[in-house]
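First, one chain by itself: the form predicted on its own, in structure tokens.
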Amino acid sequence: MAKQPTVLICGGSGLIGTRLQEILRSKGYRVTLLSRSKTQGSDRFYWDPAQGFLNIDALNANHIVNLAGAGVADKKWSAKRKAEIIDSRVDSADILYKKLTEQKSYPQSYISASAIGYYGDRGDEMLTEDARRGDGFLAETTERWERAADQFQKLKIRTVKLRIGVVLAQSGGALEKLSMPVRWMAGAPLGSGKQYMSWIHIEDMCRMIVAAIENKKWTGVVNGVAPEPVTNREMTERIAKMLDKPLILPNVPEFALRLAMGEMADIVLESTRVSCEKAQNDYGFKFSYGDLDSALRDLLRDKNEDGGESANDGAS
């Protein structure tokens, strides 16, 4: 029997990494993890990128998926927090590259998370992978993140940088934050509501990572978004419709968001309308949830207030 291919996931305890592990194992892969917990096992290895430490036994893998990075929306963006956000991404790539170079044994592919924050605030411009870098902290962070990933090409490792959009999942992540006020009839568009949100269902995001592992044609930057970017107003209205809740409050003004969130309000106020044509047309990726209504129908089912089945549930 052929040996199971091994995928090493860095940042495997997050929203994407947790589901990705399940999908990979169901497809017959051996999944190993790099963890900051010192409790180790046959499939879990210790690392501390900030201190330059990594258990090199972890690098005996056919593919590396690096999802590591401090959450951009977890805390306000002080100067210290900004440094943590950037360093956590760059340091994780740097230590992997350094240790791979030292042992001269390389994986077949290096799949790095990136983000559509690269493009900055661009109104209704449709953005492909060739679009210029935008302005602001998110764009700067993403550029440095991708530059760290580019090192692996020096080792002739096929490198894919997935610019991930707003990941929609049933528990955790953006959808939970967006739907909660709607459930309590306190939902409202943010700012003007005209800013574009380029989203992707978590299942499609994980399937895209698997496709990048399995298809050797995948290389360079690929946008990880669904085919239907929508404005913040459209997103809010369609969540409300799916939950059968009214939207009775006026838009949350930008100044209030800035007051509450500081510079971090860029996350919800910047408009980023992103194309997925490269994934679809160049690599033949097929989305399971290509339109927002089917994604919301799947993710918001069984999530009404009393824990029962939503009245809007039905076949996709």
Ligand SMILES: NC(=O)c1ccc[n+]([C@@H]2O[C@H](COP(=O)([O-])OP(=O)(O)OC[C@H]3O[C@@H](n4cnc5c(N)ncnc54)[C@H](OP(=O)(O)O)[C@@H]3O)[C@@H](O)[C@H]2O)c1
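Residues carry their position along the shown sequence, with the first being 1. Source: prediction; values computed, not measured.
Omitted here: the form predicted in complex with this ligand. The next part is about that form.
The partner is absent here, but in the predicted bound form a heavy atom of A68, alone among A68, I64, C276, A58, sits within 4.5 Å of this ligand. The partner is absent here, but in the predicted bound form a heavy atom of A113, alone among I213, A149, A113, I239, sits within 4.5 Å of this ligand.
Of the heavy atoms in V166, some are within 4.5 Å of this ligand in the predicted bound form. Although the partner is absent from this view, S271 stays clear of this ligand in the predicted bound form, with no non-hydrogen atom inside 4.5 angstroms. Contact check for R258: every heavy atom lies farther than 4.5 Å from this ligand in the predicted bound form.
Although the partner is absent from this view, K161 stays clear of this ligand in the predicted bound form, with no non-hydrogen atom inside 4.5 angstroms.
Picking from 239-247, 122-130, 84-92, 150-158 the stretch near this ligand in the predicted bound form, with a 4.5 Å limit on heavy atoms, gives 84-92.
For the candidate spot formed by G17, P49 and W145, every residue has a non-hydrogen atom within 4.5 angstroms of this ligand in the predicted bound form.
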